[in-house]
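First, one chain by itself: the form predicted alone, in structure tokens.
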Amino acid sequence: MASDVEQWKDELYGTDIRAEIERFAEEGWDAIPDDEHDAWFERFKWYGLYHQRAGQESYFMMRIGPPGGVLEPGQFRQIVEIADDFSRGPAENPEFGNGWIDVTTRQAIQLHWIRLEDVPEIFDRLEEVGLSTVQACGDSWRNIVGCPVAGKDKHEHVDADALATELHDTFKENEAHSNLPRKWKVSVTGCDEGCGQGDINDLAFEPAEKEIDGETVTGYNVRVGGGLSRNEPRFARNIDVFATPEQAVDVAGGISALFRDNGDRENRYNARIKFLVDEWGPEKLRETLQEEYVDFELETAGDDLRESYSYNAGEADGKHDHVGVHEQVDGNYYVGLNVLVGRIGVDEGYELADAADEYGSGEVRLTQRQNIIFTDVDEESVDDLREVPVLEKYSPDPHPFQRGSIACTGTEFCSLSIVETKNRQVRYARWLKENVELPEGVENFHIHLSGCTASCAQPQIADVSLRGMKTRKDGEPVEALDIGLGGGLGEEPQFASWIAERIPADEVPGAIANLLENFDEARDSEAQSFREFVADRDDEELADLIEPEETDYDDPFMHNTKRTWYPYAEDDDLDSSPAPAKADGTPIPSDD
């Protein structure tokens, strides 16, 4: 029997949803029948709208997904202006104020506190500059991710930007591929470094070479079935297919259709393609693709370039995250700026847009590490750009603890999260910067904080992985974190091992400090990376090195933030929530 979600989608899905969104926007929040909230909220996701969590009824998150994270001149500024006008809530965040944009780990932007009544105008303003929220969420092709400097990179073998754009144009609003069993995440990598993170995507195109008819052709090897969620992570598996740039779209369409027809529509927990690959194996998937979904002879896999992958590869001194000043293939420069946990305040967003226009081409690119990049900066302007005041905060040369910090949305807005994340990770990075020295030779250290097992912060591929839990301390329930170690990508990727469970959140900075001190004392040499160190030891040895400890770190979010309407509100009890609210933000009385 099809799941409830499949039945809702059978009734209405795809582009037809927009007219209903516009109708509800005109009639108001109350026009959505109470017993149909789940069905409509599931459908709204197709247009990039997620209803926020309990206590925030009538407010939505909106996701905007440009292919490959490329925001053309004027687009970043338009998003900042939309956030300024529409993305402000009934309470302030103590770290970030009120009004911001969030850069995600999939090269998208999220806005919060969006009211349904404002959505049609926001759609129009996005479309004025060539942007859209279509299929940013839902059971369809999500944002195509890839190297954030594709087309600009000196180390590129094949233009991943061209393929990402072609995939986006082909499969967005494509009726044949708009209703899949579950989300469909696609990555395109064209460079030496492997920064497209293909290993953790449903479908990955990775650079490769192959002799065809006596000529060396550069194209893509294809991997299928990667993903991190549901406590069952998988690396994408090689299906022994090489696609030329001209064949790649047809291969992608064939695999998408194969998933559409064969994925599990009865059990959503088993609906991702990674489970189909588990069941079938790569050989059967390739055989079915060849026999039923493409009309040309598939080439076997070519010679891959994975031995050069350096992105998040665990090297002690490797950066490879596009932060900093780097020369482009045309002799200009791109400048990567660190955005701590991906959040940019509106006022600073205007300053960044001005800087991108004045010193670069106006183009802003988004990375999978929640950072931004200015492109096309001429050599003479680099030093002047560095002196722009807003770059003191959004720095091209951040401290490693800030550079390596990633956090998901957390209980601030997400119904799945168990703990507060973004403010906490900012405070962790700040305390670690002020109190802990990284061991000699370690210039790159990743700490990812995810509020639950959905793994939106990609914790399994971090040096230190943090995952939201609950525990008791001094007889009281408190927020806690599981700690994992040693994850990363590169030629031979590995997932973090979960070493310690339910560590009270205020003891985690001390645990990381002690871990690094113990690592420094016990490692074989200064050349040994943290990831190599972890790989050489079993879980019991590693657990002894963590040593959770209270310090002078102060955590104001130890209480059960999931049971608040907003974790930072002065009166945060669910019963005190001002939601649901009318279009002007005034609460809707319960008897309305």
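Start at 1 with the first residue shown and count on from there. This is a predicted model, so every value here is computed, not measured.
Although not depicted, the form predicted together with a small molecule is the subject of the following passage.
Trainee: Okay, which stretch from 397 to 405, 99 to 107, 346 to 354, 374 to 382 lines the small molecule in the predicted complex, with non-hydrogen atoms inside 4.5 Å?
Mentor: Result of the contact check: 99 to 107.
Trainee: Given the small molecule in the predicted complex, answer whether the residues His155, Phe242 and Ala248 all have a heavy atom inside 4.5 Å of it.
Mentor: Judged in the predicted complex, none of His155, Phe242 and Ala248 sits within 4.5 Å of the small molecule.
Trainee: Among Leu126, Cys456, Leu516, Ala500, which has any heavy atom within 4.5 Å of the small molecule in the predicted complex?
Mentor: None of the other options qualify; the answer is Cys456.
Trainee: Here the chain is shown alone; which of Leu131, Val426, Cys414, Ala313 has a heavy atom within 4.5 Å of the small molecule in the predicted complex?
Mentor: Residue within 4.5 Å of the partner: Cys414.
Trainee: Looking at the partner-bound form in the predicted complex, is Arg223 within 4.5 Å of the small molecule by any heavy atom?
Mentor: So Arg223 does not count as contacting the small molecule.
Trainee: Does Arg63 make contact with the small molecule in the predicted complex, using a 4.5 Å heavy atom cut-off?
Mentor: Answer yes; at least one heavy atom of Arg63 falls within 4.5 Å of the small molecule in the predicted complex.
Trainee: Answer with yes or no whether Ser229 is in contact with the small molecule in the predicted complex, where contact means some heavy atom within 4.5 Å.
Mentor: Answer yes; at least one heavy atom of Ser229 falls within 4.5 Å of the small molecule in the predicted complex.
Trainee: Would you check, heavy atoms only and a 4.5 Å threshold, whether Ile200 touches the small molecule in the predicted complex?
Mentor: Ile200 belongs to the contact set for the small molecule.
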